[in-house]
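Below you'll find only one chain, the form predicted on its own, shown as structure tokens.
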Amino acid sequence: MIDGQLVPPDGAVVSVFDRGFLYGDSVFETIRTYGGRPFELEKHLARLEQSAAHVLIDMPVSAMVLGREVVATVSASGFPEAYIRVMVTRGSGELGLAPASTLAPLRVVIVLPLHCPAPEVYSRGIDVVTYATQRAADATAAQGAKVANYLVSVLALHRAKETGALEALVVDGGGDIVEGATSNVFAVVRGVMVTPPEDTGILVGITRERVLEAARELSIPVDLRRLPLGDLVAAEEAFISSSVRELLPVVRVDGRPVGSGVPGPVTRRVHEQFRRNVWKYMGLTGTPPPLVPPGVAAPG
């Protein structure tokens, strides 16, 4: 859907003069469905509005209207479960960095079939690499906004792919882990679940909020503090979180094992509680399917 009009993928056209294309001058949200319905749609759209405000983009329609457009696009897609990307660009104009005040922001809703990681990924965990850099929005008014300038993440994930890893963790100038290229990061240090706080400029993930909620319900102590790389490597467990992947155990960092080198019990318990909460929140019948179905090999 582009500016409220449903269009097929091969008919979706955006001008080459759009500032999102030219300069990454746009904001976005990634959402997934459960039971065919967008999860935490209101929160995602509220964060989209906050991101737009950070970079001085006027929202073209209200969150209520945009929400109806998201639901309509999901319905029109016919996919049992969907991946949703909502984008708002500053609009099209003459070439040049300084934006004109008369630009009309463009909104796009993209819906694709949802593809989640295979069960084996959850049972065995993933490798990650570290990537020392400064993110595009760091030390600017846009810090913490979900902007579409993802070049740093693209390069970080290219580095991860070269080593066979599935995620890259951003390390700031002080040697602290900030977040993943496409995720939030958690570690279990001496029984305490540690994750970087908001004032480090992280993207405050919707899934991250639900993870913290699940930990509290399980009486697992949580510490929102900076996470030095050394603490992550020395942790008993680690995992990342994101909308599509939920929670993924991290078992190696730069080739070094985390804890015993296999997914740990805290990660599993929090993930199971997270999914129970999602099922309840979405009004889904039955119980969530097991994280690792019978017959899937567990780590040896």
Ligand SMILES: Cc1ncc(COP(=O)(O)O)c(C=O)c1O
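As the structure is a prediction and not an experimental result, all values here were calculated from the model. Numbering starts at 1 and follows the sequence shown.
Note that the form predicted together with the ligand isn't included here; everything after this is about it.
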Would you point out which of 255-263, 52-60, 66-74, 236-244 contains residues with a non-hydrogen atom within 4.5 Å of the ligand in the predicted complex?
-> 236-244
Answer with yes or no whether residue 89 is in contact with the ligand in the predicted complex, where contact means some heavy atom within 4.5 Å.
-> no
Taking 4.5 angstroms as the cut-off for heavy atoms, does residue 107 touch the ligand in the predicted complex?
-> no
Consider residue 125 of the chain shown here, and say whether it contacts the ligand in the predicted complex, taking contact as heavy atoms within 4.5 Å.
-> no
Answer yes if any heavy atom of residue 207 is within 4.5 Å of a heavy atom of the ligand in the predicted complex; otherwise answer no.
-> yes
Heavy atom within 4.5 Å of the ligand in the predicted complex: which of 130, 200, 182, 133?
-> 182
Does any residue in 13-45 get within 4.5 Å of the ligand in the predicted complex, counting heavy atoms only, and if so which ones?
-> 44
